[in-house]
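One chain comes next, on its own, written as structure tokens: the form predicted alone.
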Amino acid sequence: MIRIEKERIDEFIRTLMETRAVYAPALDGKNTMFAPVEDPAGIDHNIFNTDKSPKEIFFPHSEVLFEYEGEEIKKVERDVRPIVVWGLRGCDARSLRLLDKVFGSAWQKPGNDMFEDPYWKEKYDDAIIFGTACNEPRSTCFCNWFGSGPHDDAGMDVKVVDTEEAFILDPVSEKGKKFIGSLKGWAEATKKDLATIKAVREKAEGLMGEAFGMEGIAEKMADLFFKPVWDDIGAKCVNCGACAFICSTCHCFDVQDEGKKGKKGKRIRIWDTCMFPLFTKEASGHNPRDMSKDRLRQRFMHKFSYFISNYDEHLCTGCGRCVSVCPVNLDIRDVVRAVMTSEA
């Protein structure tokens, strides 16, 4: 582990910026997000969890895949520098790992080879994730429902702990160990630092609410597919899609062409969501998810049943963003409890 005194953190960030594009928490108007760093002084190290999810770094809201003119395909020029993400919380680091199963690993059970997404892989594969441990979890956090915790390092290359006096960098992955091992001029963590880390970790874990038992939720969801529980839950949802757009794991998208068909234009990938009626509307005009409750059920089935069937994991990390943003206070934790306590 290496120790970076807080007065030297800007110096460390500048070191990262010499060879990489660095993203870190910053204020964007009234909201917080991960933004490209132009000046280390603009990083807000006290932002707990950004309003906007960091998936946008690797899976932008709108992304030009290529341009075309007649039959000629033109590759879009991009920033090819490898990416560093600084200040990612544990729930978000796990989210990127889940998205990599979809876009990067290109494999799902029981042995289906999938298409590898080159736009994701060219950004994520060489990225280094510096994840910051949570010393004071919020009331909306529920990462412990999924076997995680405020100091979990899954999905990180380097775990960072803020001890108030310094940032302690603990390399986790082989990529992280190689990178930290290459650094010169930084002190090793002290025994006092290690004792502080232990204390803040125990305090943080004590602040988490009791974890809800998620065992068997995939089967429970499937058994309840046609049951009235979805009528009750769906009656509250307004299908605004805010939960999906700020979710760090939702990844539905649409592909559109802008320009003159067959002549000159560009192909764009844009975020979409199963919460919108148009998402599943067929060319005939028929919509298999015409009702609000159908679309809400699809979102929860994907997170807690279909994704488990395909990847053996929940498509949720308990970041709590959807709890905070929902305009009708529909709490994902209440939905899970309602489902798990309903009669099949």
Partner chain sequence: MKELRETVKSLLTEGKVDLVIGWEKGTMPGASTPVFIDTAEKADSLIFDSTCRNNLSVYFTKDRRELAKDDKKIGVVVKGCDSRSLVLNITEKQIDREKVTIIGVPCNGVLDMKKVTGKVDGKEILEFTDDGERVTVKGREFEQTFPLDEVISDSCVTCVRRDAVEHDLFIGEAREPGSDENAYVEVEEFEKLDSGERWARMEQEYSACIRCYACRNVCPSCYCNVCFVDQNDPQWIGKSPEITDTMIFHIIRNLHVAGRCVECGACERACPMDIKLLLLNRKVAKEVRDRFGSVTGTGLENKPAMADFKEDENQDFIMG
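Predicted model, so just to flag it, every value in this text is computed and none were measured. Numbering follows the first chain given and starts at 1.
The discussion below concerns the form predicted in complex with its partner chain, not included here.
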Inset, instruction - Could you tell me which one of Ala242, Val76, Ala211, Ala199 places a heavy atom within 4.5 Å of its partner chain in the model of the complex? - result: Ala242
Inset, instruction - Would you kindly say which of Lys121, Lys177, Arg138, Arg81 lies with a heavy atom within 4.5 Å of its partner chain in the model of the complex? - result: Arg138
Inset, instruction - Within 4.5 Å of its partner chain in the model of the complex, counting heavy atoms only, one of 139-147, 68-76, 188-196, 94-102 shows up; tell me which. - result: 139-147
Inset, instruction - Answer with yes or no whether Cys274 is in contact with its partner chain in the model of the complex, where contact means some heavy atom within 4.5 Å. - result: no
Inset, instruction - Evaluate Glu11 for contact with its partner chain in the model of the complex, applying a 4.5 angstroms cut-off between non-hydrogen atoms, and reply yes or no. - result: no
Inset, instruction - Answer with yes or no whether Val64 is in contact with its partner chain in the model of the complex, where contact means some heavy atom within 4.5 Å. - result: no
Inset, instruction - Using a 4.5 Å heavy atom cut-off, state whether Ala127 contacts its partner chain in the model of the complex. - result: no
Legend entry - Heavy atom within 4.5 Å of its partner chain in the model of the complex - qualifying residues of 277-299: Pro277, Leu278, Asp290, Met291, Ser292, Arg295
